[in-house]
Structure formats: structure tokens, C-alpha cells
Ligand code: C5P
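Just one chain follows, in the form predicted alone, and it is written as C-alpha cells.
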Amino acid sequence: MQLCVALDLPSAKENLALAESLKEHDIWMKVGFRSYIRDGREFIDTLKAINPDFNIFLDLKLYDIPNTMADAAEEIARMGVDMFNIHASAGAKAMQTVMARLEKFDKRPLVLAVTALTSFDEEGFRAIYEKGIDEKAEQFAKMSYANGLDGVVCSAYESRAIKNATSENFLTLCPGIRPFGEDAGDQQRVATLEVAAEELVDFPVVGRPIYKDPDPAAKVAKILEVIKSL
């Protein structure tokens, strides 16, 4: 497993201070809607300046018509980020168009598809997709795998089934990780690091348990110790 830290603090200054405190670690940094809309590409460039070895996951969940998604994917690849995501709900044609557009790059970013947001409970998900989370997440994962994506965003509880339905090398990135049983907040399907390991998660995403800790650097060090031991 490779730890992915969510930079979801209220200001660029706070996020960069957090990144600065973690610069000695070999980790991924997740840049989401709030940070990117507010701080833009300059924020990503500054993260790379803090530690050129930080891996950057741009979490914008692209969802539009196929050509527009491919245009956006091309611009993201030019930024030099290491991974980004799209919504699986955009469909097979969108996936194919995005991946075809990225073929021109010698080193393209990893591309993941969002299956079911971890804020959904079963009832809320069925109201939109008319199927249960497990069934639909696996369906989306199979479609993503068939169309050349590198993996999916899912909860830890879908990870193993998705790999069984696709490939052990098909990546799973899982938000809602509460390393030591911290409060779930607005997430519905949360998991500990032990559960994530059991479910073969590749990228556990941790946000609030790190940046709300009095000593985020010590918390990350503790998390990395646990990951190493699993």
C-alpha cells in the first residue's frame, strides 16, 4: 500500500505547511476540487518544489462528453501530475476517448475511474443507480478495466471483489480510511488500515485523521509504520 494524503485544508498556506512537514516521506498528495479551484496549477508546482518526489493525485473526477473529458485529460497530463480520475458513469466511450488521447505522452499519468462515492449509503446509491453499491461498483470496474484504465476509486470494502473481477494489478484507491478508528465524519463506508490491507487496497487515502492531528508528521510516520508491518 502507498499512503495518499488528502490536502483538504481551508487555505493554500495550510496545505503547503502540511506538505512541508511531510516532505521527508515517500507519499502521494491528493489535490481535490477545493484546492485546485482556489489555488490552481501553481499550487501543484509548489508541491513539487517542496519535494520533487511527491506523487500528485489530481482528484477532479472528470465527467462530461467524451471529447471534453479527453481535452481536460490532455491538459492534466501536460501538468505533470502522476494520477487523476474520471467518473465511471461517463461510460465506455468516454474512457476510450480519454485513454486514446493520452497515448501521445511518453509518460502518462495513471487514470482511475470513480465507482461509488464513499459518502453514499446503500439507500442513497440505489436511488440514483437502481443497483446496490457492490454490484454497480464491480460493473463499473469491469468496464474501466476493459477500456484500458489503470484502476478505480472505491471503498475498501469493494477492493478485493473488484480485483477478483478484473486483475490483481488493477489499482484500487480508497478514500474514507480511518487509520486507527477515528470518527467517520461525512463518510459512510470507512475502514481501518488493517481492513484496507485485508481487502488488497493499493492507495489508502487519509485526510482529516492526519491534518486534524496536533502532530500530522508524527501521525503519518505512525501510519507508514503500520502499513510497513501489514
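Definition used throughout: the rigid core is the maximal C-alpha set that superposes within 1.5 Å between two forms. The first residue of the shown sequence is 1; numbering continues from there. Keep in mind that what you see is a predicted model, and the values were worked out from it rather than measured.
The same protein also exists as the form predicted together with ligand C5P; that form is not shown, yet it is the one meant from here on.
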| property | result |
| --- | --- |
| Proximity of Pro216 to ligand C5P in the predicted complex, heavy atoms at 4.5 Å | no |
| Ser144, heavy atom within 4.5 angstroms of ligand C5P in the predicted complex | no |
| Contact flag, Ala6 vs ligand C5P in the predicted complex, heavy atom cut 4.5 Å | yes |
| Partner proximity in the predicted complex: Leu200 to ligand C5P, non-hydrogen atom cutoff 4.5 Å | no |
| Which of 157-165, 172-180, 37-45, 65-73 sits within 4.5 Å of ligand C5P in the predicted complex, heavy atom basis | 172-180 |
| Val205, Ile27, Val195, Leu60 - the one with a heavy atom within 4.5 Å of ligand C5P in the predicted complex | Val205 |
| Core-aligned C-alpha movement of Thr118 between the shown form and the other one, 2 Å or more | yes |
